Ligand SMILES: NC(=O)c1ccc[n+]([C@@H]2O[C@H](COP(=O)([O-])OP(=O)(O)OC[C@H]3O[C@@H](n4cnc5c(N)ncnc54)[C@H](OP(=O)(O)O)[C@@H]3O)[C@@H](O)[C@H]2O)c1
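Encoded as structure tokens, the following chain is the form predicted alone, with no partner shown.
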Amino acid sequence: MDNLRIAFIGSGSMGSAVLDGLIAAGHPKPLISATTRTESKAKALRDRGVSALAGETSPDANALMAGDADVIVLGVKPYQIVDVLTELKGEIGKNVVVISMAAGIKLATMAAVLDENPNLIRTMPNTPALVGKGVTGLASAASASPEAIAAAKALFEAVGSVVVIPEEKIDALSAVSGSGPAWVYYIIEQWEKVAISEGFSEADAKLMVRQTLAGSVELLANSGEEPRELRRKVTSPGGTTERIIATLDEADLQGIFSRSLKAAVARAGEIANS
């Protein structure tokens, strides 16, 4: 892994998270390259020791950066994937590992453009990769070599954990873990608003909610117990916590989560078919 040349084509929020996590994991900066939309962002990467070109100043930036790469990570928007792959076709090595992080873009869509490149990988990482705590779903084309899959897995293991799955599961995984941080942050937002509505200061509300969340996750990680059991220990019969859980059950929280996931999977399908 340490000797692989890795090119990030597109450095949006997710591409940047993986790139930054890779640097933090110690991958040699001279072996990392990237393309960006703006020159200012490209310069910021170059100032950090990463070779970078901007599309606004170098129209052929993607082909130039990807040309000698061993692994190419596509961090562009889903609607840009086919155009970018078309740019790269014929400019990259046959055995290069091409990894997409675009929601809804199927391996068949990639293969239709890169018909001579067998090592096609589809992934869905999440933003905690920025702090080395990411979860990435990884699905590979049937034509991908074991070495290509291993390289892709090692790349994302540098920024967290990897779940290898069949492609038909990746949209559901995207809703659970790819979008998962947004679920968590939205819950925190509402939880803090409730605390503030009860007369706590914003600072105290943030402290109570965020530290409770962090501490609970740490306890879950270290206790070896399941969430149900830890919840039971906090929920005294006839007590206040029992009323909270009962209220959440009445609101059908599981149903809300299930409908949210199904909506996300449906949207991924719409993107794939657009």
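Start at 1 and count along the sequence shown; that's the residue number. What you see is a predicted model, and the numbers here were worked out from it, not measured in a lab.
Omitted from view is the form predicted together with this ligand, to which the following refers.
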| task | Would you confirm whether the three residues 10, 14 and 35 all fall within 4.5 Å of this ligand in the predicted bound form, going by non-hydrogen atoms? | result | yes
| said: I'd like to check something about residue 85: if you look in the predicted bound form, is any of its heavy atoms closer than or equal to 4.5 Å to a heavy atom of this ligand? | reply: no
| said: Is it the case that residue 109, even though its partner is missing from this view, gets within 4.5 Å of this ligand in the predicted bound form, heavy atoms only? | reply: no
| message | Against this ligand in the predicted bound form, would residue 206 count as a contact residue? Criterion: heavy atoms within 4.5 Å. | response | no
| message | When the contact criterion is heavy atoms within 4.5 Å, does residue 118 count as touching this ligand in the predicted bound form? | response | no
| task | Could you tell me which one of 138, 129, 101, 148 places a heavy atom within 4.5 Å of this ligand in the predicted bound form? | result | 101
| request: Report the residue, out of 169, 77, 133, 89, that has at least one non-hydrogen atom within 4.5 angstroms of this ligand in the predicted bound form. | output: 77
| message | Just to confirm the contact call: exactly one of 38-46, 211-219, 23-31, 225-233 touches this ligand in the predicted bound form at a 4.5 Å heavy atom cutoff, so which is it? | response | 38-46
| Taking heavy atoms and a 4.5 Å limit, what residues of 120-158 are near this ligand in the predicted bound form? | 124, 125, 127
